[in-house]
Every structure is written in structure tokens, then in C-alpha cells.
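Here you get one chain, nothing else, as C-alpha cells; it is the form predicted alone.
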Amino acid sequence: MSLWRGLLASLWTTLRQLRRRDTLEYPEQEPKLGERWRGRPVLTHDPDGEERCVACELCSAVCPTQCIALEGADRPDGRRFAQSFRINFARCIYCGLCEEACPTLAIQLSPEYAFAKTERGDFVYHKEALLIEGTGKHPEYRYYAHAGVRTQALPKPVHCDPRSNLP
């Protein structure tokens, strides 16, 4: 008797789910993304139009899959910048640690989620493909005015005899 009861209960559960429509007709219907959605990382500019990235390499250091590679260089005014910046999206897990580690808010996660490729090599995005025109999520942030510029060299220390401090 309990076998029939169990079968009827399962059949009833199945019949109740037939009217439920959770599947979207993608790409005709776009899914609603949450505010904290983590999509493809991009590089942003500051409000003055300069690149925010100062090539500190914190993003590549915290990346658990080591999918970020960059090489920094110095401009004539002493500011560091990313001469090359590369993200391999075939390895990226969209964890967002690169965005959290970036002190200049240069790397931000965009809401883009659908970018399919047929070749594995097409998932490697270089700096030109990562840079966006705008400032991203932080339109007023100007870290470029305070960071990325080499400070003045300190004067040479005066020779001091360490034995002179002994009692």
C-alpha cells in the first residue's frame, strides 16, 4: 500500500511542476542579473581619460588560476602603466579577486556573461580588447592623481657609525 502511495505522491509532484516555467528562451529572453553579478573583467579609464592601471601586479598575484599576465613600464613622467595586459578567459573562474585587489579600481567586472568562442586561443584577451571607454562603476574616482607617480628620491643617508650608539 505504501508503494502506491509513494508512486502517487511522486506523480503528483511531477504534475505540479509541469506548469512551472523557469527555463528562459535564451537568447530571445535575457536573464535578470543580480546587482552582485560577476561577469567579464575589463580595464577602465579615469575621468580624465587616462588608464587607471599602474601595473602593480596585485591582480595577477591574487588570481587563483593565474590567468592574468601583465608587464609594466615607466612613462617619461615617472608614472607606471601596463605595457601589456592579458587575461586568459578559458582559465578565468570569475571569482572577482582581481577586482577586489586592484587599488586603482582599474579592473572591474562587467555584466557581460555571454562570449562564446570556437577556438581556445580566442579566449585570450589583450589590453586593447580589455580597455573600455568609460570609467566603469566608479565615475568620479581619480586614483591617477595620487598614485602611479614615482616619488622623489630620498637624499643619501649621512654616514653613521653604528658603534657610536653603543654605551
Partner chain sequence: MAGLMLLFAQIVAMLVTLLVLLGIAGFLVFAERRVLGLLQNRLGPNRLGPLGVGQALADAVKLLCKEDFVPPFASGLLYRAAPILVAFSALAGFAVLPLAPGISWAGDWEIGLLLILALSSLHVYGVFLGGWSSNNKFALYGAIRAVAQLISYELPLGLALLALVLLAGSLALQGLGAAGQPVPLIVYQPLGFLIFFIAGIAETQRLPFDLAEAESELVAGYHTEYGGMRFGYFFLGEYLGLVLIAALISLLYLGAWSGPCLPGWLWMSLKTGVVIGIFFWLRASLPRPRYDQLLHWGWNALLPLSILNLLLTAIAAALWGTL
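The term rigid core refers to the most C-alpha atoms you can superpose between the two forms while keeping them within 1.5 Å. Values in this document were obtained by computation on a predicted structure and should not be read as measured data. Numbering follows the first chain given and starts at 1.
The same protein also has a form predicted together with the partner chain, omitted here; what follows describes it.
Not one of E30, L33 and D48 places a heavy atom within 4.5 Å of the partner chain in the model of the complex. The closest heavy atom approach of L11 to the partner chain in the model of the complex falls within 4.5 Å. In the model of the complex, L15 approaches the partner chain with a heavy atom inside 4.5 Å. In the core-superposed comparison between this form and the one not shown, the C-alpha atom of L24 has shifted by less than 2 angstroms.
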